[in-house]
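You are given structure tokens for the same protein chain in two forms, set apart as structure 1 and structure 2.
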Structure 1
Amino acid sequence: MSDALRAPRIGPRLLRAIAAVFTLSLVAYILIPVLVTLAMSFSGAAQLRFPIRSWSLGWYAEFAASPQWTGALINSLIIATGTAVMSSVAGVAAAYAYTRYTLRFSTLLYVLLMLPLFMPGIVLGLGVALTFSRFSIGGYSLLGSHLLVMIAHSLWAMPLVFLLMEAVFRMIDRRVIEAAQDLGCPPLRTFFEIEVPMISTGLISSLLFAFVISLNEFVMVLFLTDRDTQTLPVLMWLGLRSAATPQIAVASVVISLSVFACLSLIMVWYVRQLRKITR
């Protein structure tokens, strides 16, 4: 009898148990830091301490009443929204061209598009700061502006949009598009009326992923913002170095809720599109 036949077989129940334990461990690994931060935001102490000895909503009230913290949150939302729009437009256009046309040096182009994704944030941030430090538009300096941070964040967000949308464009049934073109539909109208509904799930996902990447980014922002345009992660880092109050935990909860809201929107949109397909 061969060694393969002699080897004990792992039953399906054991495999399911192993998979369940691994999944639960992974979920706990992800959720425990989030839950600890959430609990710390309700601390009544003057500094971050664990375990919590008193509970209070005071730090949430101070966060809402602080122009510095709310201003940083508004800056983060403005930059994340602009980054999502810029990177989505560029990434979708690049993915469309890459999948629809035969391009010279396509392999080199692909590597160049992916290169910023693997570069350290400190390198990209310093490079963008040095490159645009003397640039201005109508007397308005780019360094320290929302626009420059959007451009820098797009260096990371655009390759992810490109990766996702490239796969989406390759899965489209080309026969539907060719049929529309054979019936005389112009290319631009074909794209917006035929292709956009077909890629809507990937498009919404790309937009929200880019938003989340920009919202959470910290390293590049250190080089590119000033006091008026600093984002919430930067203010959290500065607060951690000085007072280290539970207000930092409140800011963490705000960012986490924004991320969970984006993920929920992606799931809701995906389920809606799936139901339309299965009807």
Structure 2
Amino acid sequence: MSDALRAPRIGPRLLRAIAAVFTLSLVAYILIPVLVTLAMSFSGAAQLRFPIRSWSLGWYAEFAASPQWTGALINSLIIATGTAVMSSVAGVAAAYAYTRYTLRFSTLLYVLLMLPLFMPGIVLGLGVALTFSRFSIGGYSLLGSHLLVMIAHSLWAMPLVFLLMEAVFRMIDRRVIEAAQDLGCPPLRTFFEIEVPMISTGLISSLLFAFVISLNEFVMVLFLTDRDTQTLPVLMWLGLRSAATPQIAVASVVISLSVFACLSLIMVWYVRQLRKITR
């Protein structure tokens, strides 16, 4: 005789229904602010109010015509590009050294390089602002410069690049590198002809991730930029604190589109690599 089995109190059908409701709510939760912003950016009204009665591209035109907004966008792009280059160079070189050589104090080094990633942006921003506020290079004040913001953003972006590239370098079969040298290829040429193509996807991803992080960041920039160098998120924040108009929604869409453009670039690159291999 087998033991009698009791039917569970919560039947599978009820469970499935709960899961479906939960999933739908979560999807709605994630999509609401995105869709609201997108809709509002096409509003023809002067204020942020629902329901939206007139639709227009007016706020986009205004964005394009305003030197303040376009200037902020350009600042954002300059800083993000600088951050991407700076953190990728530092992170890739460090990851290469970390994976290819046996180093003394390697654990300590790892902790040192990773530590900034754990720090809240406000702490990093404050620290850099306090320390370098009175520095100037040849009459060029460091505080408020693009350079200092790039450096501050690299504090977050570099450890991420390092993490990513460390994994990438570890995945490479060392024998392939040795095979190249064995066949007569000097080390530097091996790096550029054999290794770079093998890590290209990782490299592109590093650059673009760093770019996206910098583009979106807005706590450090609040401390480190001035009127001339303020980025799009700063301008949005200031707008939100004073007179909010659908203009901010347009800025939100613009900045998000830049991010998605980066993401699509990674995707396109990745698919191209895949196709090249598996055709």
Partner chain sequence: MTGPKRSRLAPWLLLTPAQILAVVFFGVPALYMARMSVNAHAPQSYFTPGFTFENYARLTHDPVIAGAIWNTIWLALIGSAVTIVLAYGFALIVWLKPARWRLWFIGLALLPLLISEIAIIFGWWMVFPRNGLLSVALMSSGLITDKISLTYTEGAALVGQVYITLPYCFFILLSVFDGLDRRVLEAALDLSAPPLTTLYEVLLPQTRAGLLAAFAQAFIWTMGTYATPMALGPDTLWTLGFLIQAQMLGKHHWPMAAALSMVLVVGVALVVLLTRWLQLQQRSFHV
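Reference numbering: structure 1, starting with residue 1. Small disclaimer: the values here were computed from a predicted structure and weren't measured. Think of the rigid core as the biggest set of C-alphas that the two forms share within 1.5 Å after superposition.
- Taken from the form predicted on its own is structure 1; the remaining one is not.
- Interdomain rotation between structures 1 and 2 (smaller rigid part relative to larger, C-alpha based, rounded to whole degrees) is 21°.
- Per-residue C-alpha deviation between structures 1 and 2, core superposed: A19, 9.8 Å.
- The rigid core superposition between structures 1 and 2 gives a CA shift for A28 of 4.9 Å.
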